[in-house]
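What follows is one chain in structure tokens, specifically the form predicted on its own.
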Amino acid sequence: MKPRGGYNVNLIGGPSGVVEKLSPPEKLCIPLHSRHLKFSELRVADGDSVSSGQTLAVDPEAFSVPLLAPCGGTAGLSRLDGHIVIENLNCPPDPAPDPELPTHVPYDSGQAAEKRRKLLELGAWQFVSNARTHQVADPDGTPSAVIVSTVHLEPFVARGSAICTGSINELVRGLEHLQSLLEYQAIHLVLPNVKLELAQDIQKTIRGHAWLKLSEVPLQMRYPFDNQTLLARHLGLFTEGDETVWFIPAAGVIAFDRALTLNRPCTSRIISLAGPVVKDPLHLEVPVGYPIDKIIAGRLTQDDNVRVVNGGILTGTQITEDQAGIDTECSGLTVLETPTVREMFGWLRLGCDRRSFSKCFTSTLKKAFGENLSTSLRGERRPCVACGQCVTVCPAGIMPNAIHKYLFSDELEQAQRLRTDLCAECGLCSYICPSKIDLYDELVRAKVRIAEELGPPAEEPEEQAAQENQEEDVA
């Protein structure tokens, strides 16, 4: 299947390439859940003294992926609901880089099974996901191929180029550690452009290795063709319908190096702090659990009437009072203005400052420009008008508008027949919908409900299903 559709969202407030490492806070507030992980099995008690890298809890449904303590201190389980709070912090700094550290991994660097166990225990395995389900991959499984991506196209999230800056040796060693876990499978390294300096540096460092294949993002880097499921389809890695393809972001490969080369736990994250109301959008290196209010304090153009989003604006979720610190899967914080004054006669305005997928505003006559996004819908929600824009933009080749109507009528079998399971969860359908229907949320929930109530769809190759949907769209 070749990806189709896609759409690049040009917004003001993207992060620069600067990476700032924040000093330790007074306490860490570590959430016990994130988008794909739920650390329900606690390994510490209230008031316990914990050390840096100690396992605080595990997710029993995700191969016991651990939640590790970024710093030593005193664990509090009753301080904040849904969190482990660590106070009286003792955060020893990382040792200085060792100039004698080899650029490459020794050939006999250990058994694959032992390495996988170590990656799991030191917190690096949580970066390895199944490209089909987006869930944590089985550490004892055997993939048919591996995708490593340095590309992040969704606005405002941490960029791979910033994560890899100054870390080429770590990235190369991580790739070699990854290859040592495999047998004959190829590693597809995805870059925005194989002629970039990053790609050239990698090629200079890794020479003559047939297991590494460089690939560019298809279709002129349109969003969401950095999506793991779409990349696997584009690279032809889903052919029989039952392949397991691993997907690992650049941060995960660097975490491999930290765990296996340096024998250190992976407890910090490079995230973005971006959005129209952020004074100087940038990247930040923070430990998991860093208080969100401490991160944004003094960095916004306004302190009131803002919404903080965990992730990007297309697939992120609003951060509420239930989450006090950075969770273990956070890729960035997006801050948007929440207008408090109703826009009078907004429907009469020509939209000179607003981008439109349907090209119905005056801005179509302007040159490319960044839109100043806020939480305002700039209009009211209404029923589906059958415009077909969501079908045009959908990179998975399905028909969100038709699925929406079947779901509204509670006809799950019909929604399943239209291959709701192929949804890549990119959020574009919601973003461009003129009726402002939250199709993204509907499809994500429907995928779970259909899988639970109806099971997998009838055996049908994804290539054929996508082709049939395209033919229906043309008709």
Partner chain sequence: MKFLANLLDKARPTFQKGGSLSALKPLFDAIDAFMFNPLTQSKLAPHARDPLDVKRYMSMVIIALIPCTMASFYFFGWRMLPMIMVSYMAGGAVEVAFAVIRKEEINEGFLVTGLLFPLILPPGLPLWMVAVGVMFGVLVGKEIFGGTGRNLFNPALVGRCFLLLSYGGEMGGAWIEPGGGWFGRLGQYAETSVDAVSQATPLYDAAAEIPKFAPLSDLFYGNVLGCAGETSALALILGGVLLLIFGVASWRTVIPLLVGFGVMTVVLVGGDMQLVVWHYLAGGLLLGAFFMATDPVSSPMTNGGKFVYGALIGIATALIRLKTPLFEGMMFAILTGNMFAPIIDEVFIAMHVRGLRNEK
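Positions refer to the first chain, counted from 1. No experiment lies behind these values; they were computed from the predicted model shown.
FYI, the form predicted in complex with the partner chain isn't displayed, but the following is about it.
Undergrad: Taking any heavy atom pair closer than or equal to 4.5 Å as contact, tell me whether E380 reaches the partner chain in the model of the complex.
TA: Heavy-atom contact with the partner chain at 4.5 Å: present for E380.
Undergrad: Decide whether R269 counts as a contact residue for the partner chain in the model of the complex under a heavy atom distance cut-off of 4.5 Å.
TA: The answer is no: R269 has no heavy atom within 4.5 Å of the partner chain.
Undergrad: At the 4.5 Å heavy atom threshold, is S435 in contact with the partner chain in the model of the complex?
TA: Answer yes; at least one heavy atom of S435 falls within 4.5 Å of the partner chain in the model of the complex.
Undergrad: Report whether the minimum heavy atom distance between E183 and the partner chain in the model of the complex is within 4.5 Å.
TA: Heavy-atom contact with the partner chain at 4.5 Å: absent for E183.
Undergrad: Just give me the single entry in Q111, S358, T301, N88 that has a non-hydrogen atom within 4.5 angstroms of the partner chain in the model of the complex.
TA: Contact with the partner chain in the model of the complex is made by S358 alone.
Undergrad: Among A396, L273, I326, L171, which has any heavy atom within 4.5 Å of the partner chain in the model of the complex?
TA: Of the listed residues, the single hit is A396.
Undergrad: For the chain seen here without its partner, which of 279 to 287, 76 to 84, 162 to 170, 337 to 345 has a heavy atom within 4.5 Å of the partner chain in the model of the complex?
TA: That would be 337 to 345.
Undergrad: Can you list, in sequence order, the residues from 363 to 402 that come within 4.5 Å of the partner chain in the model of the complex, counting heavy atoms only?
TA: Counting only heavy atoms within 4.5 Å of the partner chain in the model of the complex, the contacting residues of 363 to 402 are E371, L373, S374, T375, S376, L377, R378, G379, E380, R381, R382, P383, C384, V385, A386, C387, Q389, A396, G397, I398, M399, N401, A402.
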